[in-house]
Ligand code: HEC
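In the block that follows, a single chain appears as structure tokens, in the form predicted alone.
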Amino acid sequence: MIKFCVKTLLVGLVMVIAPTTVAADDEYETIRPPRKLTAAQSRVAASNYKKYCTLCHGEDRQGYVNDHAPSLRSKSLFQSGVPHEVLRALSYGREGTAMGGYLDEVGGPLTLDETWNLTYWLFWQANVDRVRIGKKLIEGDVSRGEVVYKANCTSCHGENGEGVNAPALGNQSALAHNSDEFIRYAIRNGREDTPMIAWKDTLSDTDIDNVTAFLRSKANGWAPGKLVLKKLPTPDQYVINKDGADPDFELSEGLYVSSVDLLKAVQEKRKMVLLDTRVSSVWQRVHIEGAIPMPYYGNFDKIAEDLPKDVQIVAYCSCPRAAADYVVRKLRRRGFTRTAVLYEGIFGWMNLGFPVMRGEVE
């Protein structure tokens, strides 16, 4: 049996916690709900959810609308969830996934108070009693956990926890933010209104501990750094290769350009505008050179004032296309006819080995 300790990120602080066992489900203590919002705070939080979250998580928080974004109304999530764990995902995102960070200190649009209020709003919308989930490490046989994981979990979560049609369990920021007991609770009890079943009906408690330990083992050695934020481009910087020739794209479905064709146009220094339609925090982390952050939740009337209509515009996101599709449809309704969407998205672009600009990390 393999036993280990692991460092867990707690809003910038690193704490080492000793392992322990976990009580049975019926022995979890019921705890009070999180702080209730004022009517004004609730209205703002509901508005922020609609503006920033519905594109992927859905109008009714049902999830799986785009990019396999999980359900935000699953009762077991909020029954076992600690507000800090939901807050961190909202604030800092999930590196390597389409979930960007929405906190202003990492380049997002929300203040800390707004992210807290949106977190609390989600808990109150779930309308469920919470149980106390601790921060203790789970002991387990990592090798056995890998065998069980590969036999039961890869079709949805991927061979390496990268996520196929379910959340990426090997994501480093998720492993840093979520406690072992939170992970174990999700495995045991599943997630209502999602394909995630309750594995307590299939796997033994020991094997659930083993899978938890296996997943936790994937977090070893991760050392996050603080991103150095760049200044956002100004409208005079939107057009790249201003003296270049126009690109000559053949768009599939009248909308999509391939990564190969876009790379060729970039290498030939064609005149274009590249729009990164993700939350700005992930543009700070990585983007195609010359791309400007133009988030899907932006003020499109203002955007239309700043963008040229006589230059080819190519939008991209990481969904791989949902946010970019949304932005281009908005622009086309405002008279922008020379618009296209990168079909593979930035992750597809990167998987092909095509170049990107990365942010500096302290």
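Computed from a predicted structure; not experimentally measured. Counting begins at 1, following the sequence as shown.
Quick note: we don't show the form predicted in complex with the named molecule, though the next part is all about it.
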Partner-free chain; cross-checking the named molecule in the predicted bound form, the single residue of A265, L169, I133, A291 with a heavy atom within 4.5 Å is L169
Answer key, the named molecule contact in the predicted bound form at 4.5 Å (heavy atoms) among N165, N241, N160, S252: the residue is N165
message = Taking the named molecule as it sits in the predicted bound form, is C156 in contact with it (heavy atom to heavy atom, 4.5 Å or less)?
response = yes
* Can you check whether Y326 is within 4.5 Å of the named molecule in the predicted bound form, heavy atom basis? -> no
Check your understanding: Is K330 a contact residue for the named molecule in the predicted bound form, using a 4.5 Å heavy atom cut-off?
Key -> no
For this session: Consider N178 of the chain shown here, and say whether it contacts the named molecule in the predicted bound form, taking contact as heavy atoms within 4.5 Å.
Result: yes
Within 4.5 Å of the named molecule in the predicted bound form by heavy atoms, the stretch out of 306-314, 332-340, 62-70, 33-41 is 62-70
Contact check for R191, T194 and Y296 against the named molecule in the predicted bound form, heavy atom at 4.5 Å: yes
Contacts from 267-291 to the named molecule in the predicted bound form (any heavy atom within 4.5 Å), listed N to C, are none
